[in-house]
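Only one chain comes next, encoded as C-alpha cells, the form predicted alone.
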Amino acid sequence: MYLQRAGFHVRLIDRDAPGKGASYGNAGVIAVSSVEPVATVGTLRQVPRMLLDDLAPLSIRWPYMPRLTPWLLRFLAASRPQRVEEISIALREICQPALDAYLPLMEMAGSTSLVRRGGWLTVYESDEAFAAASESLALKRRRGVNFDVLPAEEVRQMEPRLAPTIRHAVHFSDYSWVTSPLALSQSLAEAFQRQGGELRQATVNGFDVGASGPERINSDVGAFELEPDDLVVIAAGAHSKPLAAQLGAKVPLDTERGYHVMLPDPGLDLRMPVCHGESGFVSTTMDDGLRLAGTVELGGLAAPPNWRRADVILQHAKRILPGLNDGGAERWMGFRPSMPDSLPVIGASPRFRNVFLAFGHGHLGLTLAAVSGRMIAEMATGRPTSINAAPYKPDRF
C-alpha cells in the first residue's frame, strides 16, 4: 500500500490468502513500546532449560540443534550488554511510530474501528518473578517507555478478572491492539486491490536471474515475467531465507514456532491485553473470543506441532483468570520469521539494487508491518528513510 501511494503499480504474490499466515494467530498487539530483544543479558544461563524443558517459555527442539547452532551462536552474541543496548535503541526507533504508520492505511481500508487503545498489563504471581523483571524494566526506562508499577491492591482495579494470586503488575500505557488481526489483514488487502493492486495466490519457489537482477519469478502456478525497471520485494516471512539467498542476500533467518488457544465463549472480557510474566503468554479479547498466545519454540518449519505447549498456556490462563470457560477451545501453531538479534531485515539486497527485503520481524510482525512498508517505499523512490535504516540492513552480520 505504501508503494502504491508512492506511485508504483504493485503485484502481490502470496502463498496464502490475506491474513492466513502468521498474522492469523498473533496476539493482536501493536507494541509501540517493545524495546527488549529476545536475547538479553541472562540468556546464556537459560540455555540448559531451553534444551531440557520442552514446555519452557523459550525452548529448543533437540533434533533441530545441528541446523540451529549457527543461528543460536549469533543469538547468544546478541545478548552481550552493549549489544542489547544497541538493539533496544533500534527497536525503540522503529516501534514508536508503528500506529501512526498504520492509521492512513486503516483509514483507506475503513478499518480504524478494529483498533483499541488502553495499554498492556504484565502481571506476576510471585515476588521472585517480579524481582527478576527489574533489569527489563530498567531497560525500558532508559528507552523512555511509559509505564506504571502497580501494587497488588491496585491490580484488580485495573483488571477485575484477575485472580488474587497476582501480586504485582506493570501497566504500559502506549500499547494498542486490534480486535481481529485477520479482519485487519483482509481489509487492507481489499483496499490494496481497490486502488489497482494485483493479488495472486501462488507459492514462489525461485527466480531466473540475469546480470542486473531477477528476470522472472517462478511459482507453482507458472512464471511471472519482469521488466528491466521492475522492483522485487521479498516479504515472505519465515519462508524468505532461500528466496533472499537467490537474490544475493545470505541472512541468518530462522523460525520461532508460536502457539495460541482461541476460546470462543470465554465467559469474560479483558479491558486490555494481559501478559503473564512467568510464562510469557498474552491474553487478548478479540471479536471472536479470547486469544491466549505466545511462547517461543525453536524448531524450524518441518516438525509437527507440540500441542502440549498450547495446553500449558490454557492451564496458566485458567489459574490467573478464575471462571474462564474453555469450551470449544481451538489450538493453532504458526511460524515467526526470527533474526538472532531480534531486528528485522529491511533494505536493498547487497547484490541487486532493484531487490528489497522486508522480513524477520519475529514477535513484531503486526506491529512493524506498516513502518516496514513505508521504509521500503522510501528506499524504492530514493528518498531518505523516515528512520535510520542502518540497524536493519540485510548485510549487518
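As the structure is a prediction and not an experimental result, all values here were calculated from the model. Counting begins at 1, following the sequence as shown.
Beyond the structure shown, there is the form predicted in complex with a small molecule, which is absent from this document and is the topic of what follows.
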Candidate stretches 44-52, 341-349, 24-32, 58-66 - the one whose heavy atoms come within 4.5 Å of the small molecule in the predicted complex: 24-32
- request: Consider Ala183 of the chain shown here, and say whether it contacts the small molecule in the predicted complex, taking contact as heavy atoms within 4.5 Å.
  value: no
- prompt: Should Leu270 be classed as touching the small molecule in the predicted complex when contacts are defined as heavy atoms within 4.5 Å?
  reply: no
Interface membership of Arg11, the small molecule in the predicted complex, 4.5 Å heavy atom rule: no
message: in the predicted complex, is there a heavy atom of the small molecule that lies within 4.5 Å of any heavy atom of Gly277, even though the partner is absent here?
response: no
Joint contact, Gly119, Ser173 and His316 to the small molecule in the predicted complex, by non-hydrogen atom at 4.5 Å: no
field: Listed residue that, although the small molecule is not shown, lies within 4.5 Å of it in the predicted complex (heavy atoms), from Val371, Leu364, Ala39, Val355
entry: Leu364
- line: Interface check vs the small molecule in the predicted complex: of Leu99, Ala236, Ile166, Val312, the one with a heavy atom inside 4.5 Å is Ala236
